[in-house]
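Coming up is one lone chain in structure tokens, specifically the form predicted on its own.
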């Protein structure tokens, strides 16, 4: 495993700030929306779904055999039904509530669970967008650029996974190139490939090259998301990857992805019961495969327009669902994985930022431990926006500062400064202000706080135009974290062998 001290960036040096925090430590409590009675109602209903309706696990005979051998499961065809309370008991008995995912730079390793929150960038869009070139299919060049851009943002803690879908590479092989880009151009924690057991195995092989096989056997170094096919189905692509990561002791976020009214009931309470049932069934599978393997309760529950069927984000109901999911995860004793700055907007505009702010705030107040899509997400997940990445980064930074809580140190109380300044005077020139002005107040990068005349003279730029200049400035100060040449060579050799094994194909 490569290790090097974290170099202070030019921005750090200019502002006089210390090294970036590897994750947020929340010092402000969660916001609870369900009473004890309400929580028990949702849990009872989830048990009814699991025991009476059950869940389908398709095209994976081994998964069915695992469930068939478990005392609390009944398997009929591809349908698995669970005895009431069995999933909860199994998860509580062995699933860890807190662990660390290691980064190749140890200073960037992240805590998953407890009072820690890890912010990850956008995941999965096939398109990218910026003001210069507009909306277009993403390329591998875009992918590498985004990895580098994310590396420069101090409020992101994770390099992520498919930060955009590089459609210029063969679909059946591009996971190798994407993981290589994360390991080469970032030194933060990464996600692994998770469409099918084979791709998951490739990711683990590459992690063993970077960290060493013995180290990977003892430590989480990758992060996997296994989505259900709501309602109440898990296919072989997801369960195959889940099995592979669970056996390797790597974290699996068991995440139902639902739109209320289409993939779940149109009510919040009904959706919560289904989400809890699906995630508990998947987490139970993780624990049956490898008791003690790290897993997370996942919740990607949003709403849809009942007029058009289009996905909607930043809604009151979506906020209620993530806040309740946080309560349910804490009762299970597992970390919560959810989503952040989602938006249906086509541009980095007022809609995109209203929806983004609401979504990320609700996830933070839910006590989420890992928040995917914390920057860049546009058009319901079809687009990663460069300008929106920078606008969202400011939201991430503001919330990180907010959840630090109020500093009550002697310096922060400022009693000496108040006494020495006295009535009717100002604090602008006081020694206390001079000593603290660099760090006392959060300074976002994208807003313009100048006078109208100054703003107009500088070009009258709106927030999106300022963000356009900002992401380019960030890339100019990107610092290559480096990678041991021997590890780099071994990674590239491994990729070449895997690619040569099968012909190119533009399908998964």
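A quick note: this is a predicted structure, and the numbers were derived from the prediction, not measured. Numbering follows the first chain given and starts at 1.
Here the subject shifts to the form predicted together with another copy of the chain, a form of this protein not shown in this document.
- Comment: another copy of the chain is not present in this chain, but in the predicted complex one of 107, 195, 262, 213 has a heavy atom within 4.5 Å of it, namely 262.
- A heavy atom within 4.5 Å of another copy of the chain in the predicted complex is found for one listed residue only; from 475, 458, 440, 469, this is 440.
- Another copy of the chain in the predicted complex is approached by residue 402, whose closest heavy atom lies within 4.5 angstroms of it.
- Of the heavy atoms in residue 319, some are within 4.5 Å of another copy of the chain in the predicted complex.
- Proximity of residue 266 to another copy of the chain in the predicted complex: non-hydrogen atoms within 4.5 Å are present.
- For the chain shown alone, residue 272 is a contact residue for another copy of the chain in the predicted complex, at least one non-hydrogen atom being within 4.5 angstroms.
- In short, of 142 to 150, 202 to 210, 183 to 191, 415 to 423 it is 415 to 423 that has heavy atoms within 4.5 Å of another copy of the chain in the predicted complex.
- Taking another copy of the chain as positioned in the predicted complex, the residues of 24 to 48 that bring a heavy atom within 4.5 Å of it are, in sequence order, 28, 29, 30, 31, 32, 33, 34, 38, 41, 42, 45, 48.
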